[in-house]
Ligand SMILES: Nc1ncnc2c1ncn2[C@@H]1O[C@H](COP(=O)(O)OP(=O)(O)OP(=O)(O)O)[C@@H](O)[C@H]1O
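Form predicted alone, single chain, as C-alpha coordinates, below.
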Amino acid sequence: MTILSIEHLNKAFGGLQATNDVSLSLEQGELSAIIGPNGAGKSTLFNLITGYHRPDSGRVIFNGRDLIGLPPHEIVRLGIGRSFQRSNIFPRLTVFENVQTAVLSHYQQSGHLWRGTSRFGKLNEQVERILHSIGLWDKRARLGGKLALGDQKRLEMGLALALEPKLLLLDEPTAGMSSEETASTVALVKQISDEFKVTLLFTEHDMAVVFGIAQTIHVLYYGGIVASGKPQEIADNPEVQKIYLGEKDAKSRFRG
(Lines give C-alpha, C1' and ligand atoms only; values in the text may rest on other atoms or scores of the structure.)
Protein backbone atom coordinates (compact mmCIF):
# COMPACT_ATOMS: atom_id res chain seq x y z
CA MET A 1 0.00 0.00 0.00
CA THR A 2 1.37 3.43 -0.98
CA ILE A 3 1.46 5.79 2.01
CA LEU A 4 3.18 8.77 0.36
CA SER A 5 3.07 9.86 -3.26
CA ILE A 6 4.95 12.94 -4.48
CA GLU A 7 3.91 14.02 -7.96
CA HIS A 8 5.83 16.49 -10.16
CA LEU A 9 6.83 18.72 -7.27
CA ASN A 10 8.47 22.05 -8.15
CA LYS A 11 9.79 24.83 -5.92
CA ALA A 12 11.97 27.79 -6.84
CA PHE A 13 13.50 30.47 -4.62
CA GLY A 14 14.13 33.40 -6.93
CA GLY A 15 16.26 32.02 -9.75
CA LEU A 16 17.16 28.83 -7.85
CA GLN A 17 15.16 25.73 -8.74
CA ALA A 18 15.26 23.92 -5.40
CA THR A 19 13.08 20.98 -6.48
CA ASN A 20 12.64 20.12 -10.13
CA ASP A 21 9.72 17.89 -11.13
CA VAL A 22 10.26 15.51 -8.21
CA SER A 23 8.14 12.35 -8.21
CA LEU A 24 8.54 9.41 -5.85
CA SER A 25 6.44 7.12 -3.70
CA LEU A 26 6.81 5.22 -0.43
CA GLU A 27 5.13 1.98 0.50
CA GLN A 28 3.77 1.49 4.01
CA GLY A 29 6.45 0.15 6.33
CA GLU A 30 9.29 1.00 3.94
CA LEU A 31 12.65 2.33 5.16
CA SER A 32 13.96 4.67 2.44
CA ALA A 33 16.77 7.17 2.04
CA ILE A 34 17.27 10.32 -0.01
CA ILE A 35 20.88 11.11 -0.87
CA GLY A 36 22.58 13.84 -2.85
CA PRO A 37 25.30 16.49 -2.62
CA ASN A 38 24.91 19.60 -0.47
CA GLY A 39 22.32 21.87 -2.05
CA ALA A 40 20.63 19.04 -3.94
CA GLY A 41 17.26 19.92 -2.39
CA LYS A 42 16.86 17.25 0.30
CA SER A 43 15.82 19.53 3.17
CA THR A 44 13.64 21.59 0.82
CA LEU A 45 11.81 18.42 -0.16
CA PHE A 46 11.19 17.63 3.50
CA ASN A 47 9.93 21.19 4.04
CA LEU A 48 7.50 20.78 1.15
CA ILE A 49 6.19 17.48 2.50
CA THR A 50 5.66 18.89 6.00
CA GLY A 51 4.11 22.21 4.98
CA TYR A 52 6.97 24.57 5.88
CA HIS A 53 7.16 25.57 2.21
CA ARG A 54 4.41 25.56 -0.40
CA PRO A 55 5.39 24.21 -3.83
CA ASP A 56 4.96 26.19 -7.02
CA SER A 57 3.30 23.14 -8.57
CA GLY A 58 2.79 19.44 -7.92
CA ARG A 59 1.09 17.34 -5.29
CA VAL A 60 1.98 15.57 -2.04
CA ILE A 61 -0.51 12.78 -1.30
CA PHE A 62 -0.40 11.17 2.15
CA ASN A 63 -2.79 8.32 2.87
CA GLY A 64 -4.97 9.52 0.00
CA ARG A 65 -5.07 13.17 1.08
CA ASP A 66 -3.38 16.07 -0.70
CA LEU A 67 -1.25 17.96 1.83
CA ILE A 68 -0.64 21.06 -0.28
CA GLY A 69 -1.88 24.16 1.53
CA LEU A 70 -2.13 22.52 4.96
CA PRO A 71 -0.12 24.09 7.83
CA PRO A 72 2.63 22.02 9.52
CA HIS A 73 0.65 21.35 12.70
CA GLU A 74 -2.24 19.90 10.70
CA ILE A 75 0.14 17.66 8.75
CA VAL A 76 1.58 16.42 12.05
CA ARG A 77 -1.93 15.52 13.24
CA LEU A 78 -2.48 13.53 10.06
CA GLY A 79 0.48 11.33 10.99
CA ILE A 80 3.77 12.77 9.71
CA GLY A 81 6.59 13.30 12.22
CA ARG A 82 9.98 14.86 11.59
CA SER A 83 13.43 15.44 13.04
CA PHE A 84 15.74 18.23 11.87
CA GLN A 85 19.45 18.57 11.05
CA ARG A 86 19.87 20.61 14.22
CA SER A 87 18.25 19.08 17.29
CA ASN A 88 14.82 20.56 17.97
CA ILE A 89 14.21 19.75 21.63
CA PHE A 90 13.30 21.66 24.82
CA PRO A 91 16.78 22.25 26.31
CA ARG A 92 15.54 23.50 29.70
CA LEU A 93 13.18 20.60 30.30
CA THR A 94 14.26 17.18 31.51
CA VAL A 95 14.31 14.27 29.10
CA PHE A 96 11.11 12.94 30.69
CA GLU A 97 9.41 16.34 30.52
CA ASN A 98 10.40 16.70 26.85
CA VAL A 99 8.60 13.53 25.83
CA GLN A 100 5.76 14.12 28.29
CA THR A 101 5.11 17.52 26.71
CA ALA A 102 5.00 15.95 23.25
CA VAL A 103 2.61 13.20 24.39
CA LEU A 104 0.29 15.72 26.06
CA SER A 105 0.41 17.91 22.96
CA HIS A 106 -0.56 14.94 20.83
CA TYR A 107 -3.65 14.39 22.96
CA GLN A 108 -4.22 18.16 23.07
CA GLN A 109 -4.31 18.20 26.83
CA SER A 110 -2.77 20.56 29.36
CA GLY A 111 -0.54 18.79 31.85
CA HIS A 112 -1.90 20.53 34.96
CA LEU A 113 -5.48 19.51 34.14
CA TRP A 114 -4.57 15.81 34.03
CA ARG A 115 -1.93 15.66 36.73
CA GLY A 116 -2.87 13.14 39.41
CA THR A 117 -5.60 11.46 37.34
CA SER A 118 -5.60 7.92 36.00
CA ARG A 119 -5.51 9.28 32.44
CA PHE A 120 -2.34 11.23 33.24
CA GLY A 121 -0.79 8.05 34.64
CA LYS A 122 -1.49 6.21 31.40
CA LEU A 123 0.06 9.01 29.39
CA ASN A 124 3.16 8.81 31.56
CA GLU A 125 3.31 5.07 30.88
CA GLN A 126 3.52 5.97 27.19
CA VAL A 127 6.37 8.37 27.97
CA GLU A 128 8.17 5.59 29.83
CA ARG A 129 7.75 3.19 26.92
CA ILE A 130 9.19 5.70 24.46
CA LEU A 131 12.16 6.50 26.71
CA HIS A 132 12.94 2.81 27.09
CA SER A 133 12.69 2.36 23.33
CA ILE A 134 15.10 5.18 22.53
CA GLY A 135 17.51 4.21 25.31
CA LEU A 136 17.09 7.31 27.47
CA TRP A 137 15.15 6.00 30.45
CA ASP A 138 18.25 6.10 32.68
CA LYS A 139 18.78 9.75 31.67
CA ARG A 140 15.16 10.82 32.15
CA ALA A 141 16.00 13.38 34.87
CA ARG A 142 18.72 15.16 32.85
CA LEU A 143 18.06 18.46 31.12
CA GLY A 144 17.70 18.04 27.37
CA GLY A 145 20.28 20.75 26.69
CA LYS A 146 22.89 18.89 28.77
CA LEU A 147 22.75 15.70 26.71
CA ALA A 148 25.47 14.67 24.27
CA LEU A 149 24.64 15.25 20.59
CA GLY A 150 23.78 11.61 19.96
CA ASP A 151 21.38 11.55 22.90
CA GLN A 152 19.78 14.83 21.80
CA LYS A 153 19.09 13.21 18.42
CA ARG A 154 17.59 10.22 20.25
CA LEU A 155 15.41 12.54 22.29
CA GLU A 156 14.24 14.34 19.16
CA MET A 157 13.19 10.99 17.68
CA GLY A 158 11.34 10.33 20.94
CA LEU A 159 9.44 13.61 20.56
CA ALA A 160 8.45 12.58 17.05
CA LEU A 161 7.36 9.12 18.19
CA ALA A 162 5.22 10.68 20.92
CA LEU A 163 3.00 12.02 18.15
CA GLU A 164 2.38 8.42 16.94
CA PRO A 165 3.36 9.11 13.32
CA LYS A 166 2.60 6.80 10.42
CA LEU A 167 5.48 8.39 8.48
CA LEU A 168 8.68 9.65 10.10
CA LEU A 169 11.12 11.95 8.26
CA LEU A 170 14.68 12.05 9.63
CA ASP A 171 16.88 14.87 8.32
CA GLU A 172 20.57 13.89 8.67
CA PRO A 173 20.08 11.75 11.81
CA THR A 174 23.83 11.07 12.25
CA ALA A 175 25.21 14.52 11.33
CA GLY A 176 28.16 15.52 13.51
CA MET A 177 28.25 12.23 15.40
CA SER A 178 31.22 10.09 16.38
CA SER A 179 31.49 6.60 14.89
CA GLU A 180 30.09 5.10 18.10
CA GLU A 181 27.16 7.52 18.17
CA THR A 182 26.51 6.84 14.48
CA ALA A 183 26.42 3.07 15.01
CA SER A 184 24.06 3.52 17.96
CA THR A 185 21.75 5.80 15.96
CA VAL A 186 21.66 3.38 13.02
CA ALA A 187 20.61 0.61 15.40
CA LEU A 188 17.93 2.90 16.85
CA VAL A 189 16.52 3.73 13.40
CA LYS A 190 16.23 0.01 12.63
CA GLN A 191 14.58 -0.58 15.99
CA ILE A 192 12.06 2.22 15.49
CA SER A 193 11.16 0.83 12.08
CA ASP A 194 10.57 -2.64 13.52
CA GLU A 195 9.01 -1.79 16.89
CA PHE A 196 6.72 1.09 15.94
CA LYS A 197 5.87 -0.16 12.42
CA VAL A 198 6.41 3.34 11.07
CA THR A 199 7.37 4.20 7.50
CA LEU A 200 10.75 5.96 7.51
CA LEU A 201 12.32 8.37 5.04
CA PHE A 202 15.71 9.84 5.89
CA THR A 203 18.41 12.02 4.35
CA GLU A 204 22.03 11.17 5.02
CA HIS A 205 25.58 11.88 3.82
CA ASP A 206 27.17 8.80 5.37
CA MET A 207 26.95 6.14 2.67
CA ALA A 208 27.72 3.35 5.13
CA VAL A 209 24.59 4.35 7.04
CA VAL A 210 22.46 4.62 3.90
CA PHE A 211 23.50 1.31 2.40
CA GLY A 212 23.41 -0.37 5.79
CA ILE A 213 19.71 0.17 6.48
CA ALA A 214 17.83 1.63 3.48
CA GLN A 215 15.56 -0.68 1.52
CA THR A 216 15.20 1.84 -1.31
CA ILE A 217 17.28 4.90 -2.20
CA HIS A 218 16.37 8.05 -4.12
CA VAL A 219 19.17 10.25 -5.49
CA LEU A 220 18.64 14.01 -5.80
CA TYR A 221 20.82 16.19 -8.01
CA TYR A 222 20.16 19.89 -8.64
CA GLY A 223 16.66 19.42 -7.27
CA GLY A 224 15.68 16.46 -9.48
CA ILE A 225 15.48 12.72 -8.94
CA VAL A 226 18.14 11.09 -11.10
CA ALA A 227 17.78 7.53 -9.82
CA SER A 228 15.59 5.43 -7.52
CA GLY A 229 15.99 1.78 -6.66
CA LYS A 230 17.35 -0.88 -4.37
CA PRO A 231 20.79 -0.25 -2.81
CA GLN A 232 22.55 -2.56 -5.27
CA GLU A 233 20.93 -0.80 -8.22
CA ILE A 234 22.06 2.59 -6.92
CA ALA A 235 25.59 1.35 -6.21
CA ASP A 236 25.89 0.03 -9.77
CA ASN A 237 24.36 3.07 -11.47
CA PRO A 238 27.09 4.81 -13.56
CA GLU A 239 25.21 8.12 -13.63
CA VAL A 240 24.90 8.17 -9.86
CA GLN A 241 28.58 7.34 -9.46
CA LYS A 242 29.52 10.19 -11.75
CA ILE A 243 27.24 13.02 -10.67
CA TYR A 244 26.94 12.24 -6.97
CA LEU A 245 30.52 11.41 -6.03
CA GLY A 246 32.52 12.09 -9.19
CA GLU A 247 35.13 9.56 -8.14
CA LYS A 248 36.61 6.46 -9.73
CA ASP A 249 36.07 4.53 -6.53
CA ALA A 250 32.46 5.72 -6.16
CA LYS A 251 31.10 2.18 -6.20
CA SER A 252 33.24 1.12 -3.24
CA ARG A 253 32.31 4.31 -1.37
CA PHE A 254 28.61 3.60 -1.86
CA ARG A 255 29.07 0.15 -0.41
CA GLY A 256 30.58 1.66 2.69
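The shown structure was predicted, so the numbers you read here are calculated from the model rather than taken from an experiment. Note that residue numbering begins at 1 and tracks the sequence as displayed.
Omitted here: the form predicted together with this ligand. The next part is about that form.
Put simply, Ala18 is close to this ligand in the predicted complex: some heavy atom of it is within 4.5 Å. This ligand is not drawn, but in the predicted complex it has no heavy atom within 4.5 Å of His218. Although the partner is absent here, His205 sits close enough that one of its heavy atoms falls within 4.5 Å of this ligand in the predicted complex. Not displayed here, this ligand is approached by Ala40 to within 4.5 Å at the level of heavy atoms in the predicted complex.
Residue heavy atoms within 4.5 Å of this ligand in the predicted complex occur in exactly one stretch of 65 to 73, 227 to 235, 31 to 39, 188 to 196, and that stretch is 31 to 39.
Contacts between 134 to 155 and this ligand, taken as any heavy atom within 4.5 Å in the predicted complex, involve no residue at all.
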